[in-house]
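Shown here is one chain on its own, the form predicted on its own, set out as structure tokens.
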């Protein structure tokens, strides 16, 4: 018995170029049998197992998972005996039976004849089910086109499924779908008409069934069991080396393999990096379609950043069914509420916060403000403490410019601003809004007071323009009209500081000779510790407190 090295190559796989190797089923040193599966290829149309064309021992493996192969590419070399070589085919051309050989001869004869190119008229082509490797009926589980749709040659028309394979039938030519002759759920077999399409005569010079049959490789019968005798093996052995169409995956026994999806969907899922077990299917019997996969990815990308902590890796708080404890009334949050929540979460997770507290003695400021009541009425307005606080902040910010700066270039640059626009947090029925008063340092107390009232009213009426909420260098958040003795405001990034103002109270203060009643205003300064240190914040807060205690300092 002679020993010879046989090279096994990729057979005709229906014209698929660059089919991907998704699984290698053998290794060097393995003894393989004739028709044993060697590798699994997958194109955008089908998954195919490439069978051995010779028996023997694998001496060299030329492919790996992820390689792109086409017809004629070398898969491996096998050391086989003479008998095995005789039974195999040394070339990429399959050994055909008598009937198949006759059909091949007819095809060759047709191909040898020059295509008759007729005028650019169009004609209706009836597309039928090609040779699908079985004489029985298979289930047509999906229609991939609709009437009036334009298709290119090779586009999927329908999806078939048998107990052994899932396969897509491609268009034999480019054209327009004229009529559908079948519906999803129908049982079809080779030769069953499935649709009519309008194509040019030049595109139909060849028989429409030929390219379709080439695009869907014939599925072989199940390999004989070891107990079968030689006679049985010779009569039942399928034509070699035709690739079997199936929806195999890299792990045939994995949970993914049980998912109801076609080869094209599985390939797309691998490209997306999505586990098909997580994707709900909307096709017949729960089959996963490409649209299902695309929608799953779109939904995943659309999830708000705040739900995952902005990429911080912080686990989400699990949902609780509160209805089991009593009656509830779920209300959807407003868009403004959700935007505020996302912004606050981002700022809290990215900005290292520090808050410093102090009290400003505003006894004299309040006496002066109340003395302006009559003048305010004549002007048709009213004077609140907020204009004085904003003006004092503007003067203090110009004296300490770092507190109105911002980080840029990933923290490599500190941007100092020569303008002084200050945001003012306003509580509205829709949620928190922060209108910005521009050039506070250049305006009078009366001008600031009028703008405060105007912007607060616009915020509550939802009439603020986008430009009226942009450009702030610092923010003041006042709870003075509500109450509280102090709080820790969150920095409104990219700003680096924010001032919280709480309710003023009359308290006893030691003046060196005794306790006297004084009106004290609690202040809370939160700042970004990447930019502002304790000394910067302490000096700013001290200057601000002194200006509020003696408002004459505002003009110095």
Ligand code: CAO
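Residue numbers count along the first chain shown, from 1. On a predicted model such as this, the values are computed, not experimentally measured, just so you know.
The same protein has a further form, the form predicted together with oxidized coenzyme A (CAO), not shown here; the description that follows concerns it.
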_Which of 461-469, 290-298, 423-431, 150-158 lines the interface with oxidized coenzyme A (CAO) in the model of the complex (heavy atom within 4.5 Å)_ = 423-431
*Wondering, does residue 531 line up within 4.5 Å of oxidized coenzyme A (CAO) in the model of the complex on heavy atoms?*
no
*Answer yes if any heavy atom of residue 521 is within 4.5 Å of a heavy atom of oxidized coenzyme A (CAO) in the model of the complex; otherwise answer no.*
yes
*Check whether residue 34 has any heavy atom within 4.5 Å of a heavy atom of oxidized coenzyme A (CAO) in the model of the complex, and answer yes or no.*
no
*asked:* With the partner left out here, check for me: in the model of the complex, does some heavy atom of residue 481 sit within 4.5 Å of oxidized coenzyme A (CAO)?
replied: yes
*Counting non-hydrogen atoms within 4.5 angstroms of oxidized coenzyme A (CAO) in the model of the complex, say which of 279, 188, 452, 180 makes the cut.*
452
*Let me know the one among 369, 400, 267, 346 whose heavy atoms come within 4.5 Å of oxidized coenzyme A (CAO) in the model of the complex, would you?*
369
